[in-house]
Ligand code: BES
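As structure tokens, one chain now follows by itself in the form predicted alone.
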């Protein structure tokens, strides 16, 4: 999709002119000067949809401005959220594709409703992500992707916002594209190759630690989980070093189990095909690193992705085994399907020891218990630092990648203590499964500010997932927009002013 910016008063004729309408309103937001010939078409469209949220009307017109008029309802003004325009823009883009148009134009709503830069961000994200389809393995592909023209009365500040929103959207789309790959097409080695390609294109350092070195260097969790598969485990490390040389980095860690059978503790066969999505945390980290490098953010950022395939075989680790993790602590294995915390513990310890970071954020499709607790529309979050937590919560509200904080105290930490080792890899029965998994991870970190985000319910669309046009069936890319907004919020990049500002800070 190509995106252009034009002045509303001097724009070229478009195949479809699109505008937003509030419920109980007779005006198109942002459209001040109306060509007389299209006034009847606009009135008809407004009457057809009544401004109801998500409702769309398309009417042909004989005007010079457009071949068609599309009006889309935003609902009541008091119900407008940070997702409203993104959601409705996605429906507009999908309608343009359905009509097999080569291009369409959207009028930016007036600033009295929403700040123009925020409108731009939501329109670009909604349109680009809604037109994404995973068709790699289809013999007949739907190639029609219409271009978008954004119509504004003033172009000041807008061009920069469009570029940033495109890069952020592309990061999320790239994440989806990798996460949607089937397990026979995406092994730990494949994922490492994707990281190499991204690093080469974007001037990042890439280091891949393979099976033999993982064992020699004491990555006991990654080694144990990965040893049952012929597809060898990898530890993928990406470094974006554009900040001051002596400034501590932020470390992102993402779980990437390219396929999870559960190992010896075999999962039920129902929906096991969805376990190709157990790599989504790692894919999110790669997508974030890609976007950060393309935005050329002047920060130091490290992405660490432990990648394995969890398979049953004569070489697999077993319930009852005791393994030594990277930080020297021992873990009793009670369930080989609780593998994610083992590989994450190694990666978290390595990230802290190697980089002495100012903060660590990890993403993982870690526990089915998170789906039981929060459903499939909200991710679980556990942290040891209130300041960092608040920043992420604020970004969650702006991006509507929703999260909910869960507690972690000594009682939960006690639930993962083992009688025969330092820890056990499951808690006590089914109680607090998401929290006890995080408690296991907490043992891998000393005092670095840390946030764990359990994306088991939100990483791909499931039966109970709220339907959103910009999240078609499959992987959602959850977390990319969230973390990039966090970088905006703390001043690494400011899209609210005409020039980009970079401000270094301490978390």
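Positions refer to the first chain, counted from 1. It should be emphasised that the depicted structure is a prediction, and the values quoted were computed from it without experimental measurement.
If you look for the form predicted in complex with this ligand, you will not find it shown, but the lines that follow are about it.
*Asks:* Would you mind picking out the stretch of 32-40, 60-68, 455-463, 477-485 that comes within 4.5 angstroms of this ligand in the model of the complex, counting non-hydrogen atoms?
*Replies:* Going by heavy atoms within 4.5 Å, the stretch is 455-463.
*Asks:* Verify the contact flag for residue 172: yes if a non-hydrogen atom of it lies within 4.5 Å of a non-hydrogen atom of this ligand in the model of the complex, no if not.
*Replies:* No, residue 172 is distant from the partner.
*Asks:* Taking any heavy atom pair closer than or equal to 4.5 Å as contact, tell me whether residue 378 reaches this ligand in the model of the complex.
*Replies:* Because no heavy atom of residue 378 falls inside 4.5 Å of this ligand in the model of the complex, the answer is no.
*Asks:* Test of understanding: in the model of the complex, would residue 426 fall inside 4.5 Å of this ligand by heavy atoms?
*Replies:* Answer yes; at least one heavy atom of residue 426 falls within 4.5 Å of this ligand in the model of the complex.
*Asks:* Are any of the heavy atoms in residue 365 no more than 4.5 Å from a heavy atom of this ligand in the model of the complex?
*Replies:* Close contact exists here: in the model of the complex, residue 365 approaches this ligand to within 4.5 Å, heavy atoms only.
*Asks:* Just to be sure I understand the contacts: of 80, 297, 275, 264, which is the one whose heavy atoms reach within 4.5 angstroms of this ligand in the model of the complex?
*Replies:* Here the answer is residue option 275.
*Asks:* Just give me the single entry in 164, 192, 338, 291 that has a non-hydrogen atom within 4.5 angstroms of this ligand in the model of the complex.
*Replies:* Filtering the options by heavy-atom distance leaves 338.
*Asks:* Going by heavy atoms, what in 254-272 lies within 4.5 angstroms of this ligand in the model of the complex?
*Replies:* Heavy-atom contacts within 4.5 Å come from 255, 260, 267.
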